[in-house]
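Only one chain comes next, encoded as C-alpha cells, the form predicted on its own.
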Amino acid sequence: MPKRKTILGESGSIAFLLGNEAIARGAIEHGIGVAAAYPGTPSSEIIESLASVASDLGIYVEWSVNEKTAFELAYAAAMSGVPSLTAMKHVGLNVAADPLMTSAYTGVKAGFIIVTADDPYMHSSQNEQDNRWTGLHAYIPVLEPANPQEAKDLTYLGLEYSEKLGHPIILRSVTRVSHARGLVRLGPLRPPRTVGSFPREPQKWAVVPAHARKMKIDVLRRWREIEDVFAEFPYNKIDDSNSNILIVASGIGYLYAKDALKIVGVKAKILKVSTPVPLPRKLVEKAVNGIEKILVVEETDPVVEMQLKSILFDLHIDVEVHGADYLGRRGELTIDRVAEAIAKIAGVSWSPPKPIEVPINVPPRKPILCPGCPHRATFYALIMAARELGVDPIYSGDIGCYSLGIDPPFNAQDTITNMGGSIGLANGFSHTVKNRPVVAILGDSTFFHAGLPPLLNAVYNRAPMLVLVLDNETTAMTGFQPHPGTGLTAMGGKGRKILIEEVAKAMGADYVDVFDPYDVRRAIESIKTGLKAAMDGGVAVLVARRVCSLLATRLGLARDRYFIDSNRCVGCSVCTNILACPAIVIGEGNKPRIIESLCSGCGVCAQICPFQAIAKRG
C-alpha cells in the first residue's frame, strides 16, 4: 500500500500533492472520523491516501464491497455526528444513487461529503456522465474545484457547509484535477471526531411516506437557503473588467478561460463558479449587469448554462448566451477549444496553432493483456473448450482488465455495460436465446461488488449459464486494492477471507470448480464441464485463480524464462495468432521469438505449442 505521509505535513507548509491527495488532506484538516469507498479511476487515491495515515490519526477507513455500501457507511457516520467522506468514480455514484437520493431528505448531523471523480473523454470508463446533474436531481449541492489547492480547500469547506446546513454535499472532481499535481498550502489539522451518538428519532431518520412528505417540504426550504448561502461562498467571485462580455466558468474551465483570454487578446468579465449546483442566483444577478454576451465554460454538460438561462428568463434579461453550442459537450476541455469559443463570441479572428509535425509514424498500439496475464490463459482455454464442444457461446462481459478479451484473437466479450452486468444480462440471454450457451465473465472484485445478487437470481430463477470468475486475487485495474477475497483491509489489517467458490456453493450453484489458468489442459476440461452443466439447464460457477502477473512481479514471485527452439519451430503461429502474448514476436525467417525481458515465465505458450518448440531456459 503506498504511503502518503506528506498529507500530514505541518500547517503553513507547501506540499506537492495529487488532486486526490489534496482532497484527502482537506478531509483530514476538517477532522473526519470515517471514510469509505470502492476503488474506481480516477478516484482511488483518495481512500489510499487516507488509509495510509488512518492509524496515525485514529480514524476508520475502508474499501467497501461497492459504492452503495461505502455511501451508507459514511452516511450513518454523519447521521451519528461523525464527519465523513465517501468517494467514487462517476459511474459509481449510480450504484450509490438509492441512499443518495434520500440523504437529502434526512440531512445529516455532521459534515458529509460525497466525492464523485468524473471522467470526461472516458479515459477509463464506459460513459461520460456529468454528475452535477445528479446533484441537481437529488437536491444536493455540488462544489467544483479548479486545481489541487482548491480540491483541498473545497473539501474542507464542503464539510464545514455540510455540517452548518445539516445537508450532504457533493464534491465533483474531474480527471485533470484528481490526477494533476500542484503546490498546495496546508492548513491546520483538527483532531478527528470518531465517536458519535444516535438518539432514537425515527421521524427524522426513518423515511416512511408520512415522514418523507414532511421532509420534502424541508428539503425545498433548505434548497432555497443553500442558494443564498452559496452567493457568499468564498471561492465564487467576479473578476471584473471593462467589457460587455461575461465568461461564466465552472471548475477547471475557469483556469482555461483565464489563459485563453490572454492568448486571444480579449477582455471579459469572469464569473468564477465553484458552486455550479445550485447556481447562486444573487451572484448571477450582480455579474450580468451591463453585459451583452455571455459564454459559459464548463466540462462536460451545460449544467451551469441551463440554470443561467433559467435565471435570466426569470429576470426578463435578454442577453445572448453561448456555451455548449460553441464548446461542444463531449470530451475534455482544452485551452484551444476555449480560446476558439472566446474568439467567436468576441468577433475576433483566431485559430489554434498548427501542431508540430514529427516525421515519425508511430504505429498504433491497442491496449493488451500483460505478458503472463492469467486472463489470457483463461480466454485461450475458454475458446478451446467452446471449439472442442462445437458451441458458440454468448459472452456476457463486465468491467475490468478482462474487458480486453473483446479484442482478437479471443473476441470473447459480446456485451460490456456496467459492474456486475455480465451475470445480470446473462439472466436475460439464458431465457431468450435457446440455441447458444451463455457465459458470464467477470473479475473477483466485481463478483463481490455487484455479482452476488444476479448470481442468486440465476440460481433461484433457473437461468442456465456458466459464470467464469477471473480471480487474479486483487482489484488490479485500479491499483491492487484489496477486496473480501484477499482477506486484507484498506488499513493493512487482516480481514475475513471470503472464497468465491464457497459463496457460489452456498448460493446453490449446480456445479462449482476452481482451476489454475496456467494449467491449460485442466482449465479447458473444467470449462467444458461447466459449459455442459449450463447446457443441461444448470448454473455453473468456475473460478480461474492465479495472481495478477504485475502483482506477482511486485511481490518477487518471478518465474522461469522461456525460449523458442528454432530447429523445432515450424512457424505455425499458434503462439502469436491464438495466444497473442506480447512477449512473443515474429523474428528472422518469419519465425516467432520470445523477448525474454518481457517473458513472465507463465509457461502457457510451451503448453500450447503443437511441436514442443518452446522450452524453459536453463
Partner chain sequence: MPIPSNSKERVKIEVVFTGVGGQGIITMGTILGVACSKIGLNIITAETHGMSQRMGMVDFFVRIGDVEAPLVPQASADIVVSLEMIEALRSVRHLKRCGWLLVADIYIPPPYIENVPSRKDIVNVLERLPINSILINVEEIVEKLNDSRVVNMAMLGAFMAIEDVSKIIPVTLVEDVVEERLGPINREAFGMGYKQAVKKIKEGDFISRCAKTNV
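Note that the structure is a prediction, hence the values are computed from the model and not measured. Positions refer to the first chain, counted from 1.
What comes next is about the form predicted in complex with its partner chain, which does not appear here.
A.B. asks: Among the candidate residues 535, 245, 401, 412, which is the single one with a non-hydrogen atom no more than 4.5 Å from its partner chain in the predicted bound form?
C.D. replies: It is 401.
A.B. asks: Can you pick out, from 57, 65, 580, 564, the residue that has a heavy atom within 4.5 Å of its partner chain in the predicted bound form?
C.D. replies: Among 57, 65, 580, 564, a heavy atom within 4.5 Å of its partner chain in the predicted bound form occurs only for 580.
A.B. asks: Residue-level contact is defined here as any heavy atom of the residue lying within 4.5 Å of its partner chain in the predicted bound form; does residue 362 satisfy this criterion?
C.D. replies: Result yes; residue 362 sits at the interface with its partner chain in the predicted bound form.
A.B. asks: Is there a heavy atom of residue 357 no more than 4.5 Å from a heavy atom of its partner chain in the predicted bound form?
C.D. replies: Taking the distances in the predicted bound form, the answer for residue 357 is yes, it comes within 4.5 Å of its partner chain.
A.B. asks: Verify the contact flag for residue 504: yes if a non-hydrogen atom of it lies within 4.5 Å of a non-hydrogen atom of its partner chain in the predicted bound form, no if not.
C.D. replies: Looking in the predicted bound form, residue contacts with its partner chain do not include residue 504, since no heavy atom lies within 4.5 Å.
A.B. asks: Quick one: does residue 370 come within 4.5 Å of its partner chain in the predicted bound form, counting heavy atoms only?
C.D. replies: Judged by the heavy-atom cut-off of 4.5 Å, residue 370 is in contact with its partner chain in the predicted bound form.
A.B. asks: Of 92-100, 172-180, 159-167, 494-502, which is the one stretch near its partner chain in the predicted bound form, taking non-hydrogen atoms within 4.5 angstroms as near?
C.D. replies: Of the options, only 172-180 has residues within 4.5 Å of the partner.
A.B. asks: What residues in 228-259 sit within 4.5 Å of its partner chain in the predicted bound form, counting heavy atoms only?
C.D. replies: Residues within 4.5 Å: 252, 255, 256, 258, 259.
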